[in-house]
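One chain follows as structure tokens, the form predicted on its own.
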């Protein structure tokens, strides 16, 4: 890994260590937790979209599978929450591996529509299987315990998600700098050239799709336990669009862009709440301005502007 990548990781860890001691109240701690959760999801999604060049418009469906696994399995079948979380991740990975091969034979808007359809199917199943999922009203999620210690306060959850975020950033940086990551970048540049160079295009597409889906599933479980309640809105189309927007605004093919995009788009609706009914218009206007003047995303554009490269 490059030295400057380590510097960025150290800065992220330092901010995470200091942040809970300077936040004024529990509202901001809750907001920081949600930012960190979204950041981990967007990191996985950026590996797929930014580095491998494969779009996914239904990624919230995988988040929903993880969330409902942590709700349904302990509630109806008596599973331990950690076991249910792992089962949700495995089920998500298997589903992603199963659908990836036929889906990734498509390209462009056909690929976008196929992944969108997958997300919609997952959402419909969660809404209609009311006997298990509670239907549109959702269902409660049991508390998560670690080593006999129940996570109950916001501060407990903050340190858990801060650790998960730090590990995810470290893992993403190492993956990108590995032969696997170089194959992904080659795949993004040209599939034909990648095949000529000996890259197994299908295998790498499937692998990164599964990794990205598992990221989403695990954080869906974490979100479910943190909030204590799940609804099908976890897996709806608009949530998928929000996640993709975080990738694009922060900067595709940028690990730290994923963090910036997740932080900004998690905080922005709260900051615009004072507009009283016009917050959606203001939100859309800000996104349009960002895309017009910084089409590569915030972090790559600013990095290039200050001479450090994207």
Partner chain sequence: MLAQFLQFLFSGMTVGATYALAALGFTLIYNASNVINFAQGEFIMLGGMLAVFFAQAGLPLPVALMLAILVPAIVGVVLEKLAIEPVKGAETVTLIIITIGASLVIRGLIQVWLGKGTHSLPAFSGDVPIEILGATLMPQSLWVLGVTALVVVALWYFFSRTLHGKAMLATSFNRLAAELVGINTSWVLFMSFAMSAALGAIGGILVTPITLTSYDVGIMLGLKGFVAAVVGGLGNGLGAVLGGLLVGILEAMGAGYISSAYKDAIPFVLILFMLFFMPRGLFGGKSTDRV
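Positions refer to the first chain, counted from 1. These numbers were taken from a predicted model, which means no experiment stands behind them.
If you look for the form predicted together with the partner chain, you will not find it shown, but the lines that follow are about it.
J.: Can residue 90 be called a contact residue for the partner chain in the model of the complex at 4.5 Å between heavy atoms?
T.: Residue 90 lies outside the contact set for the partner chain.
J.: Any of the heavy atoms of residue 237 lying within 4.5 Å of the partner chain in the model of the complex?
T.: Judged by the heavy-atom cut-off of 4.5 Å, residue 237 is in contact with the partner chain in the model of the complex.
J.: Consider residue 137 of the chain shown here, and say whether it contacts the partner chain in the model of the complex, taking contact as heavy atoms within 4.5 Å.
T.: Contact with the partner chain, no.
J.: Answer with yes or no whether residue 102 is in contact with the partner chain in the model of the complex, where contact means some heavy atom within 4.5 Å.
T.: So residue 102 counts as contacting the partner chain.
J.: Pick the stretch from 64-72, 254-262, 32-40, 50-58 whose residues have a heavy atom within 4.5 Å of the partner chain in the model of the complex.
T.: The contacting stretch here is 50-58.
J.: Could you spot which one of 80, 182, 203, 109 gets a heavy atom to within 4.5 Å of the partner chain in the model of the complex?
T.: None of the others qualify; the residue that does is 109.
J.: In the model of the complex, does each of 23, 160 and 207 have a heavy atom within 4.5 Å of the partner chain?
T.: Spot residues vs the partner chain: no contact at all.
J.: Check each residue of 10-35 against the partner chain in the model of the complex and list those with a heavy atom within 4.5 Å, in sequence order.
T.: Counting only heavy atoms within 4.5 Å of the partner chain in the model of the complex, no residue of 10-35 makes contact.
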